[in-house]
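For reference, the chain that follows is the form predicted alone, supplied as structure tokens.
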Amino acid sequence: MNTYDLIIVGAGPGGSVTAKTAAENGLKTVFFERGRKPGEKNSSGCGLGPRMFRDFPDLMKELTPDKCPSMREGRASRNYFINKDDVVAGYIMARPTESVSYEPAKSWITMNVYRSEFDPWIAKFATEAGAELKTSTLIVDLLKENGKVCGVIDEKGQKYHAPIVIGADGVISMVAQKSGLRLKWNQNQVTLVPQYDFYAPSDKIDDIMGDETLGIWWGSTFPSSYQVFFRESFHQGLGNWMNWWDKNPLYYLNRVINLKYYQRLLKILEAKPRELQAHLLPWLDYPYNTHTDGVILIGDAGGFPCPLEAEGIYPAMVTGKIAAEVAAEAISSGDFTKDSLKKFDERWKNTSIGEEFEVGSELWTIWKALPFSPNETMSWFVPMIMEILGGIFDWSQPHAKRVRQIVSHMRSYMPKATPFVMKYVFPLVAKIFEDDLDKLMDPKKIMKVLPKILNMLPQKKKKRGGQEK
């Protein structure tokens, strides 16, 4: 009989860290991968953030280009702002700022790799720790006795027994569905993300893009689009919640690709399209229903991607480690009930993941209303930002006069900007600084005063002559 202490469905980064931690805690552990090897079914790439290297130092120090040849360290990101005429109205490049508090975050933004390389690399740590990896095995159901979960069943009818099953099986989680924790996500909880994968010579990427790792294309006619560079390739993709699309998603992605600026970039990079990819991604303001009797959900299966930009690998690894530790304690005590496994929620809430979700609703709401609402918000936000950032460098008028023109023009954005700030920005600021609200001015008073200040500014500047000598 296939009997284990712990069964993990899924061998992505979250599942592998879960398996590694469980094996290190003395549990007889098995984790399942439907492909012939971890990462085989995932052709996409990803960005690994500095927190992974801070919180999993012994593991991540082993990640080197010889292990993941696609690996590319990125020290800068570029933000492109595209107006309603599909013209790049301006862009800003950014690097880690002076307030960043630790290495390697002071040195780079992301470490980009392909999942087809990263997933098998990280799974090896689990097998070396003693976990058993079963590949080419699709788990299709949970095994139950007297209504309680006691294992899993694969597509061939093979049964595997364990008192606890951890679902690391992604957005369409069989474990979540069969355990009754969730039948499916609501349309405003899951996003559809299509992307193109391009080949480009590494020397071209280095010469032209320098140390850039990430590009964000803030569109007025399409949802925010991301560009991620690897050693010899890059992705261009975009996404939005399932209840948003009014056209085929490729219509919007192709608007990015067909930008005149983007076509020029493809030409000088000598880039060639290789593949069209698409995936679903849970994007919630707060995780819920993450455990029940004998079951814990981690990573995408539990809805843990970051509420702002939906980065999911780090949350999967953190929640996987915690789930394995909670499982080890439950097995030691012989208590596999929902009440016992609630330690999982208690512990992830005390990590940086929990801190992120403390303002999850505010982050999720403002992001959904800004870069993912191109017609409603970005159509005025982009020209407003460019008016502020770009207008001052315009030589069409004396600089003092140009500043007055900019301020005067900014008044036209107030009818849309003011309610947006009131509805989305101030709730976020208030939540972040809730312990210091007594030190801040009333946001409503600020918004009432701001238009008055703009109106007080003079329309014309009085001429001033030089003093006679």
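Because the structure is a prediction, the values reported are computed rather than measured. When you see a residue number, it is the position in the sequence shown, counting from 1.
Beyond the structure shown, there is the form predicted in complex with a small molecule, which is absent from this document and is the topic of what follows.
Note which of Arg231, Lys368, His279, Arg255 lies within 4.5 Å of the small molecule in the model of the complex, where distance is taken over heavy atoms; exactly one does. In short, His279.
- prompt: Pick from Ser220, Asn240, Thr137, Ser179: which has a non-hydrogen atom within 4.5 Å of the small molecule in the model of the complex?
  reply: Looking at the other structure, the residue within range turns out to be Thr137.
Report task. Tell me, yes or no, whether Gln189 is in contact with the small molecule in the model of the complex, where a contact means a heavy atom of each within 4.5 Å. Result -> No.
Contact flag, Met60 vs the small molecule in the model of the complex, heavy atom cut 4.5 Å
Result no; Met60 lies far from the small molecule in the model of the complex.
- Query: Taking heavy atoms and a 4.5 Å cut-off, does Arg34 contact the small molecule in the model of the complex?
  - Reply: The answer is yes: Arg34 has a heavy atom within 4.5 Å of the small molecule.
Would Ala19 sit within 4.5 Å of the small molecule in the model of the complex, counting heavy atoms only? Ala19: no, not in contact with the small molecule in the model of the complex.
Exercise. So which of 124-132, 75-83, 101-109, 168-176 is the stretch with heavy atoms within 4.5 Å of the small molecule in the model of the complex?
Worked result: Of the stretches listed, the one contacting the partner is 168-176.
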